[in-house]
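Given next, in structure tokens, is a single chain: the form predicted on its own.
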């Protein structure tokens, strides 16, 4: 049974991804900043007759990432798949961003991706057919108003994807990324609720976002999880260095 490590597994896309990998027969390391959230998703997988272990991690902290990888490898003796999904939305345009905002966006999204990749890559190389999948974003591929730091951080993830693909293809490791559009998760809902005075305004804000999409609805975490599973397994065995948009046609048709 191949071992898959998923960061940010406690909610949203990460949670759906951990559950999807377990359903596909993988043993899943469910890593999250929240210990409770990591335990909850691992328990859900176990209740569905899958195999999972929870691990607490702060992906922006080098020592924490090292402990996560030690726990993951110690559980089953190796890693075949790593999904570097953990991230944080930081909103604000150039003139409203503080240096602390900028640093937080890069620390979690870009540095977190780098630290996860660097710590896990030796194990993917040792496996001989390892796969690393990053969660980027459509804002890494096209601009969107009001998310300067987040866009820069996710752009770094996209560039890192291509660079690692070039560096590690000769050693048997494929590196790809998924670039989701607007996905309805607890995090995205909380951001819109914070801007809304009441339920009607909340629903109006949600509708305003998806009005730009040729397929005019919010994406589901499970749909992104399917794309990640595709990129991480032999279903995509001749793909590396790709940034796969899953975004309802937003980038292609706008």
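Residue numbers count along the first chain shown, from 1. If you're wondering where the values come from, they're calculated on a predicted model, not measured in any experiment.
There is also a form predicted in complex with a small molecule; it is not shown, and the following applies to it.
Of the candidates 136, 175, 83, 113, 136 is the one whose heavy atoms come within 4.5 Å of the small molecule in the predicted bound form; the others do not. Residue-level contacts in the predicted bound form: of 51, 58, 226, 40, one residue has a heavy atom within 4.5 Å of the small molecule, and it is 58. Annotated contact segment (heavy atom within 4.5 Å of the small molecule in the predicted bound form): 128 to 136, selected among 75 to 83, 165 to 173, 128 to 136, 91 to 99. Annotation: in the predicted bound form, residues 10, 14 and 181 each come within 4.5 Å of the small molecule through at least one heavy atom.
Using a 4.5 angstroms limit between non-hydrogen atoms, residue 108 touches the small molecule in the predicted bound form. In the predicted bound form, the small molecule sits beyond 4.5 Å of every heavy atom of residue 46. Among residues of the shown chain, residue 207 is not one whose heavy atoms approach the small molecule to within 4.5 Å in the predicted bound form. Contact between residue 196 and the small molecule in the predicted bound form is not found at the 4.5 Å heavy atom cutoff.
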